[in-house]
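What follows is one chain in structure tokens, specifically the form predicted on its own.
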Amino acid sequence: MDLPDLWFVLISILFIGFFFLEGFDYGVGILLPFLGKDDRERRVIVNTIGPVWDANEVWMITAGGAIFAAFPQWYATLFSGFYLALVLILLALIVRGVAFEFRSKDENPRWRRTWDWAIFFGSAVPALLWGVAFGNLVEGTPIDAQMHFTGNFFDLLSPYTLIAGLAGFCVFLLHGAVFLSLKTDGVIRQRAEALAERLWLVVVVVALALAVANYAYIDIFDEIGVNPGVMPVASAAALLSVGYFLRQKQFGWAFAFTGLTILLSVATFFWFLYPNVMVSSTDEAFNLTVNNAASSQKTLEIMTIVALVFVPIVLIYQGWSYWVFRKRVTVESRLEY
């Protein structure tokens, strides 16, 4: 495998890790005002992700840095074309991070409710826009021969990208609800379990709509024909398995299979995209590919050595932090947030 191809795969893995970890993070934040009926219950919900939410976002930062270093042309076109959308995501994440730190600084109920809704919006906006962004990568955006984005913000909104955004949003909601069923107890756990079963049906419907949209709005049929391939079928099977495990009250397996659904879905998007990194809706000759958007061979060699040294350290540290905070959070727990 050539180094540009290798780094395309590594960036795919970084986004898979980000959506798996930050996916339940977003879902918990969106569900916070609805599953928590009073301040004590909402503090329990926040504390399920309080020790890990910022570490989860490291995957996004690392993925962005990897794109910048490995595929500078991709980074330049992506961040200039998606500038407003990415700024909205960044502002939402800033508000969300501040909310986690500020909500417990004052016992005034209005103060805490305000920050709880800030966590909601700071989770909901990225959850929706990430799906829209990935939909644009596959469907295509106006790019000229100089690799310049020639459209505007509203060119990023189409039926296909909105369906992709809604699909991502709903999957994150389900992932978060199942996570809460594992990390809480008592009445919050009961609400999360009941909600997860209802959300699963919604996700199945939206996933079916996205599958139809893949054939209706992008040229997948020309590339792969009627047979969607192993990964999309496996992703659908994983999602259907979630429903089985939810009905069997096996929420650990349900969480594993929501994670597998995310893994296979994101892998499918990158599989559809390859060998492109951005598709031009102006002319396919203007597509950015793993070759014409890549850094020099020397840069990629240095990056590979650095990744081999530091990525295992990050994985070990993050695994250890999840092990330390593995127990359920209850109203009797010592609540920090």
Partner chain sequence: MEALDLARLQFAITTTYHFFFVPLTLGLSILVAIMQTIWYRTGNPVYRQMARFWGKLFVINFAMGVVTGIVQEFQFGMNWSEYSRFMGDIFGAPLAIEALLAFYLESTFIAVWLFGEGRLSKGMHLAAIWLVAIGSNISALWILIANSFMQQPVGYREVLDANGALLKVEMDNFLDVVTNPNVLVQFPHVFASGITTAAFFVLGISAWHLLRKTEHHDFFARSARMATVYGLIGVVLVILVGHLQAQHMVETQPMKMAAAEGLFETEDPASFSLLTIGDWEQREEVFSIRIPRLLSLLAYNRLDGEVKGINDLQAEYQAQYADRYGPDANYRPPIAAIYWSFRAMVGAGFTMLLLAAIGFYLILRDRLTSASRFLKVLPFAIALPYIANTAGWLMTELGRQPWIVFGLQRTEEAVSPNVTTEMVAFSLIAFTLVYGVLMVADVYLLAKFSRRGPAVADEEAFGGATPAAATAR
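Residue numbers count along the first chain shown, from 1. Just so you know, these numbers come straight off a predicted model, no measurement behind them.
The protein also exists as the form predicted together with the partner chain; that form is not presented, and the subsequent description refers to it.
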Non-hydrogen atom within 4.5 angstroms of the partner chain in the predicted bound form for each of 54, 296 and 314: yes
The partner chain contact at residue 68 in the predicted bound form, heavy atom, 4.5 Å: yes
Contact test in the predicted bound form: residue 80 vs the partner chain, heavy atoms, 4.5 Å: yes
Close approach of residue 186 to the partner chain in the predicted bound form, 4.5 Å, heavy atom: no
Non-hydrogen atom contact residue 91 with the partner chain in the predicted bound form at 4.5 angstroms: yes
Which of 192 to 200, 244 to 252, 140 to 148, 209 to 217 lines the interface with the partner chain in the predicted bound form (heavy atom within 4.5 Å): 140 to 148
280, 47, 268, 276 - the one with a heavy atom within 4.5 Å of the partner chain in the predicted bound form: 47
Residues in 281 to 310 with any heavy atom within 4.5 Å of the partner chain in the predicted bound form: 295, 296, 298, 299, 302, 303, 306, 307, 310
